[in-house]
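Below you'll find only one chain, the form predicted on its own, shown as C-alpha cells.
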Amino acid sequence: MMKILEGVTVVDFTQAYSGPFCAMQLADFGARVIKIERAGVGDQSREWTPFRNDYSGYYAAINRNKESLSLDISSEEGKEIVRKLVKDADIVLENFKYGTLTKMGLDYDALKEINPGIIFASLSGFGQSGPYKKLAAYDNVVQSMCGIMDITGYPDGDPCRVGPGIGDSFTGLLLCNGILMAYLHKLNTGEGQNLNIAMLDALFGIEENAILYKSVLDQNLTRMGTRNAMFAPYDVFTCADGLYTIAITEDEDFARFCKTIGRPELASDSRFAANAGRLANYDAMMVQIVPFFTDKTRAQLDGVFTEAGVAGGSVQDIPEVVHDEQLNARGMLWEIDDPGIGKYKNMANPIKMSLTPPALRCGAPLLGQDTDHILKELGYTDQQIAQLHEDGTV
C-alpha cells in the first residue's frame, strides 16, 4: 500500500526531541527522512537514558523509520553534500541555535537558490525574531517562561512542570502541521517557503482559560490542583483502591451525576443547580459528594458512571496504562525491532487513517548506517567515499 507521503524527501538536521518528533510524524506516513548527524558524535539524544546494550532507548523511540547520514557540515565537502541532497529534496528541517545555518551558508536564502521549491522549516525555543531569538531553551525553560508551570500544581505548593516534554512534542506537531500546509501550497503553486515555530509561542497558544480570564475579566488564574476554573465538579476523588476523576460541564450532566450517586436533591439545591453556583460553593458541594466515592473501587465507579453516561475515569499509573484495553484495541503500542536496543514496545502513531495509515518500517538507525548508500545515490564513487571517511567528513 502506497503511503500518503511516499516520494517526499526530508533533509533533517534536527536533534534532541522537538525536531526529531516532527520528523518522525512525517516518516511514519512514508516520507523519506535523511537524518544528518554530527560525524562521529550523532544526535545528542544518543547520550540520554534509558540505555539497553549501551544504546539509548530515548533516541530509538523518536527516530524510527529514518536513515542516518553521518556528516561534518562545517567542512566544505560536507556543505557540498548537503547542497546535493537539497537539490532534489522537498523539505529541510532544522532546530539549531539562531543563525547557525546562516553562518554556514546553508540557510533558506542559500538553499532556495539551489531548489526554489524547498520548504525550510525551523524550530527553536524562541523563534527567528524577537529579543530572545538567540537564547537556548529546553522544555522546562519554556514551560516556566510561558506561564504553564505557574498554573500547574496545588495552590499551597510550588509551580510544577507538566510531566511529559510538551514544549517539544506539541511544538513538533505544530511544525509538522505547518510543513504539510506548506507542502500543499507547493503542490498547488510550485512555491516553497520558509516557516518557523517557537516553543514559547506554541505553549502560550494552549494556555486556554488562563489567558481568557486575564484578557476578558482581568483575573489572574493560578494553581488549582486537579480542579478546573470553568466547571464543577471537575476533579479527582479518593476511592477504595486509588483515585477517580469526574468531569461535569453542563447542568444536565450534574443532575444525572446527582441521580447516579443517590443524591438527586443536590441538583435542585440553589447553591449547586447552576455551574456558577457550584464554582462559588465548591467546598460545600464537595462535602456532599465525596462520601459516595470512598467505599467504591475504580471498577465499580466505572460501571455506574458508564451506565449513567457520566464522564469519568480511573487515575492510572504507567503499568496500568500500557495494559489498558482501549489503548491496545487502538493499536497504540508498536513492537519495534531496533538495531540498537533490540525488541521493545513504544507508542504508536495516534493518527488513524482508513486508506493511508502510519506504518512501522524500521527502528531508529545506527549512527551513519546509511551514509555510504546515500552518497552513492548522490553519485560519489567508492574511492571518493573512502576519502570522505578518511578525511572525517563522514
Partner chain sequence: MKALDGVRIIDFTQRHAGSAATMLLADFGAEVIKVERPGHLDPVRKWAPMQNGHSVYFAYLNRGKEGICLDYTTQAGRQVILDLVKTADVVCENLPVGELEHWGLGYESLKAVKPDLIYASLSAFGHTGPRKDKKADDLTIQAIGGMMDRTGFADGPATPVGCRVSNHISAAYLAAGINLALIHKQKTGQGQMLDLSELDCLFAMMETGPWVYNITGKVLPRTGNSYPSISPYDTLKAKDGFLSVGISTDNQWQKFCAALGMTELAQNELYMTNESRGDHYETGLKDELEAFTTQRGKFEMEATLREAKLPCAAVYTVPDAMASEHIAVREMLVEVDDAGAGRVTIPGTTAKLMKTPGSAQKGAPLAGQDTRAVLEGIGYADGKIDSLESDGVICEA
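Just so it is clear, the structure is predicted and the values come from calculations on it, not from any experiment. Positions refer to the first chain, counted from 1.
Omitted here: the form predicted in complex with the partner chain. The next part is about that form.
Trainee: Name the stretch: of 69-77, 98-106, 307-315, 280-288, exactly one has residues whose heavy atoms fall within 4.5 Å of the partner chain in the predicted complex.
Mentor: Among the candidates, contact is made by 307-315.
Trainee: Though only this chain appears here, would residue 348 touch the partner chain in the predicted complex if you measure heavy atom gaps against 4.5 Å?
Mentor: Output for residue 348 is yes: heavy atoms within 4.5 Å of the partner chain.
Trainee: State yes or no: in the predicted complex, is some non-hydrogen atom of residue 274 no more than 4.5 angstroms from a non-hydrogen atom of the partner chain?
Mentor: Looking in the predicted complex, residue contacts with the partner chain do not include residue 274, since no heavy atom lies within 4.5 Å.
Trainee: Residue-level question: is residue 159 within 4.5 Å of the partner chain in the predicted complex, judged on heavy atoms?
Mentor: Flag for residue 159 set to yes.
Trainee: Flag residue 336 as yes or no: does it have a non-hydrogen atom within 4.5 angstroms of any non-hydrogen atom of the partner chain in the predicted complex?
Mentor: No.
Trainee: Find the only residue in 182, 267, 261, 110 having a heavy atom within 4.5 Å of the partner chain in the predicted complex.
Mentor: For this set of options, the contacting one is 182.
Trainee: Using a 4.5 Å cut-off on heavy atoms, which residues of 129-165 contact the partner chain in the predicted complex?
Mentor: Residues within 4.5 Å: 129, 130, 131, 132, 135, 138, 139, 140, 141, 144, 145, 146, 147, 148, 149, 150, 151, 152, 153, 154, 158, 159, 160, 161, 162, 163, 164, 165.
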